[in-house]
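Just one chain is shown here, as structure tokens, and it is the form predicted on its own.
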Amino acid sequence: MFDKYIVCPYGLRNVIDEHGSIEGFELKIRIPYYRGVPLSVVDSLKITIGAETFTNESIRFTVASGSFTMSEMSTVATRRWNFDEDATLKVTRPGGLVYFDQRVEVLIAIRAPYGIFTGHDVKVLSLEPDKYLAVAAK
């Protein structure tokens, strides 16, 4: 329904840990369903960047109501992902992504009240500077 809006055109960046190492990357997405849902009905996510695919096992899902691994999500019925809210997906990938435009593809499955609803979006995004590089450049 809202497939072309799933991948946000901003927010793709590497994530730096407290020791200055790149531990992965973050990506922002929006819900492909026409209303908000409890986090427990977000069944699966698949992110493909270039030739590499990341699935539930390496993704942490964060919205205003909390941050959870995808395996924890099935138990989180009291927290919601609202229609107008960006979700941040943090993917564990030591070394992060290289700094050139990335083809980002997201496939998401939501167990909506009337059946399973899937969304799919592909965009080419530029990697935003991470905090470590921004500090080093000053």
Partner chain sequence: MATIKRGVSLYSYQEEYFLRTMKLEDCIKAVSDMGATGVEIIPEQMCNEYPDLSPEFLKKWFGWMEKYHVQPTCADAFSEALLFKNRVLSDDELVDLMERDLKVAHDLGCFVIRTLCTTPMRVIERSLPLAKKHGVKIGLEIHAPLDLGSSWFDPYQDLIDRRGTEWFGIIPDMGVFELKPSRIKADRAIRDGANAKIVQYVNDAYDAKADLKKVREDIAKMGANAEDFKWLGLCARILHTDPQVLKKHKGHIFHVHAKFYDMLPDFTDENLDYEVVVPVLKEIGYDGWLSSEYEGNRTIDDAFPVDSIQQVSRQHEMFKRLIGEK
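Note that the structure is predicted; figures quoted are calculated from it, not measured. Positions refer to the first chain, counted from 1.
Keep in mind the form predicted in complex with its partner chain is missing from the figure; the text below concerns it.
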Q. Might Thr75 be said to contact its partner chain in the predicted complex, defining contact as any heavy atom within 4.5 Å?
A. yes
Quiz item: Should Lys90 be classed as touching its partner chain in the predicted complex when contacts are defined as heavy atoms within 4.5 Å?
Solution: no
In the predicted complex, does Tyr99 come within 4.5 Å of its partner chain, counting heavy atoms only?
no
I'd like to check something about Pro113: if you look in the predicted complex, is any of its heavy atoms closer than or equal to 4.5 Å to a heavy atom of its partner chain?
yes
Interface check vs its partner chain in the predicted complex: of Gly95, Gly50, Gly66, Pro38, the one with a heavy atom inside 4.5 Å is Pro38
Residues in 9-46 that come within 4.5 Å of its partner chain in the predicted complex by at least one heavy atom, in order, are Tyr10, Arg30, Ile31, Tyr33, Tyr34, Arg35, Gly36, Pro38, Ser40, Val41, Asp43
